[in-house]
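Here you get one chain, nothing else, as structure tokens; it is the form predicted on its own.
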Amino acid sequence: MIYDPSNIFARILRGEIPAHKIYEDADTLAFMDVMPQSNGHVLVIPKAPAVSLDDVDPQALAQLIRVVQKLAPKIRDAVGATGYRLAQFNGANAGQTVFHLHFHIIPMYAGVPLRPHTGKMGDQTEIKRHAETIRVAIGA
């Protein structure tokens, strides 16, 4: 698949669409999922264009996973979760809906099931509140 520079994550990177950003460095961006499956659901993307693991530069992937590893436990702790799930999809048949490589960091709470991915936006006030809490916890 050829990378489409008009995908929503590319547009977020260019500042054309707002996002609740929680972390950014020269190579990566982390922001709140607007359709969260749990409180504190974050997406981490490379700034370099890549559709999936199939076409990402290995150095960009290494930096991306370093950021995921650094942020995941801090997000878990910031939102009071008891664990976290990482998810990454490659291709439409695998569940990928935005064709820009990304990792989901999904906080998990004891006895609380994940919300289904229905395509409906979450409560933006609540998402913003979680973003602020996470930013404080990671020192952003």
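When you see a residue number, it is the position in the sequence shown, counting from 1. What you see is a predicted model; the values in this text were computed from it and never measured.
One more form of this protein, predicted in complex with a small molecule, exists but is not displayed; see below.
Checking Ala72, Val34, Ala48, Ala81 against the small molecule in the predicted complex, a heavy atom within 4.5 Å turns up for just one residue: Val34. Proximity of Val68, Arg76 and Pro113 to the small molecule in the predicted complex is absent: no residue of the three has a non-hydrogen atom within 4.5 angstroms.
In the predicted complex, the small molecule sits within 4.5 Å of a heavy atom of Phe9. In the predicted complex, at least one heavy atom of Phe89 sits within 4.5 Å of the small molecule. Contact annotation for Val44: none of its heavy atoms lies within 4.5 Å of the small molecule in the predicted complex. For the chain shown alone, Lys21 is not a contact residue for the small molecule in the predicted complex, no non-hydrogen atom being within 4.5 angstroms.
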